[in-house]
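There is one chain below, alone, in structure tokens, taken in the form predicted alone.
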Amino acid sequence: MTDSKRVIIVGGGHNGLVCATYLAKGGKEVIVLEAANEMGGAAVTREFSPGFKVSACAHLLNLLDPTIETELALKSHGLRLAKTNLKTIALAEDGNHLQIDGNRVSGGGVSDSDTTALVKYRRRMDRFAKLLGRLYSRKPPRIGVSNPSDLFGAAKLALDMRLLGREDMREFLRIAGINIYDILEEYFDSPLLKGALSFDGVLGTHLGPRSNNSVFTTLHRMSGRIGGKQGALAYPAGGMGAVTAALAAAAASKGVTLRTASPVARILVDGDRVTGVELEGGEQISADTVVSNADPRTTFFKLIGARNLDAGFVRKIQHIRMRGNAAKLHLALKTLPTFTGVEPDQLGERLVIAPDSAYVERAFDHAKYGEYSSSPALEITIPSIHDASLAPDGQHVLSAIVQYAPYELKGGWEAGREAFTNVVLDQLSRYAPDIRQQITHTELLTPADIEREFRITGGHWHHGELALDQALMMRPVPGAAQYATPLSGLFLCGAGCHPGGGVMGHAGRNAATAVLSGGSR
């Protein structure tokens, strides 16, 4: 016998916590089982050197749904932003940097025509990103079915697109699936501006600026609203772990049982339905409903087992593209580094090394052949400028996402880690000549490390590449695209399902709605 009211959430990442809270509000008895010693998944703050703390994987907040933030009262549970509306400083080796602040740009020798073009570009891209944001808050409709819910969902999508107006709707349909390189060439002349904007389209992906779908990933990144501003970036006080700590507190306040250090060994199956889970220590917990916050391959291959699934469905899961291609660098610093040409009040902004879009594309070329980039592109932050709790007094933490570092590196990461770390530090030194002298400790997380530490197959923090053939009603695969799966009682709520990666919470909320409505595939 199983418990029909009990729901087990496998994984205490942000989506799992969001899902758990909404289910508890809906009257369910919810247990969250997290393998690590704290809740949060890849959105955690941890010490990497004595006295130095860092957002371990995700390090900026830009996609958290304001509706979820309000409905779960996250501010009352401790969520606070240390800095909002971060500017982007596109670094130039000669020190003539360019600053992007929403639709305003200055420095870097930018022309008046580019200044005007950025306003036009952001107006249009913001409209398209808002369209995605509306779609993200509901389950994607299935195409070719007569179910009233799906028909209504398809009609809402069509109406949202039509409300763009004829010109913008045509432009959206023209560019949504193509590459960001060509779009930026249509708008701008400044190499620095094009480099920084193209970097936003490939961050955390296995794409280059010339890759199709890089416009889609750009829009995905812009779809959030932080502090009421479309596409804004923010530092949470206490790092990204503070976001999931607030989510955990919200879940606990609704009666959710939160269990850490409780790795799930397998999801129990009887025929075509789930009956609960078994932990690695042998403990079994029964439940009629299990919701997995793990990535699709982990869920179906490690926890369920391919033998319990249809062969055609197994092939679909095998074909999900989920090769991580970004590394994370953490530096403990004696004091603030000096970036040539960067003013002191700009050091706390988002610093980007992507001199032009062709540079970013060349950096991607290496990854195509299983090599790390010899001239990587970087997103650099120094969060301790805004949050002194992250480092000892007078000292600082630098955190950077490094493109490109392929999961399947030729020769393996054990052999390649030190050499790549030196490549990245050499790249930093071109812009901050004293950086090596300031370092007291270095940590580089490769995609293999991300896979191991956060239990994400392939080390891809989106749980699968963001692309139109792996989005909406295709995510993660047909037959499991509306949070329900082929096994009765098993649901998905992680980044591997609609709408994808990023600390946003939509997948968790949508999955809870599917469970409470008795959703089926």
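Predicted model only: the values in this text are computed from it and were never measured. Note that residue numbering follows the sequence shown and begins at 1.
Keep in mind that the form predicted together with a small molecule is not shown, yet the notes after this line are about it.
Residues within 4.5 angstroms of the small molecule in the model of the complex, judged by any non-hydrogen atom, belong to 27-35 and to none of the other stretches in 465-473, 66-74, 480-488, 27-35. Contact check for A43: a heavy atom falls within 4.5 Å of the small molecule in the model of the complex. In the model of the complex, P263 approaches the small molecule with a heavy atom inside 4.5 Å. The small molecule is not drawn, but in the model of the complex it has a heavy atom within 4.5 Å of N62.
Taking non-hydrogen atoms only, G502 approaches the small molecule to within 4.5 angstroms in the model of the complex.
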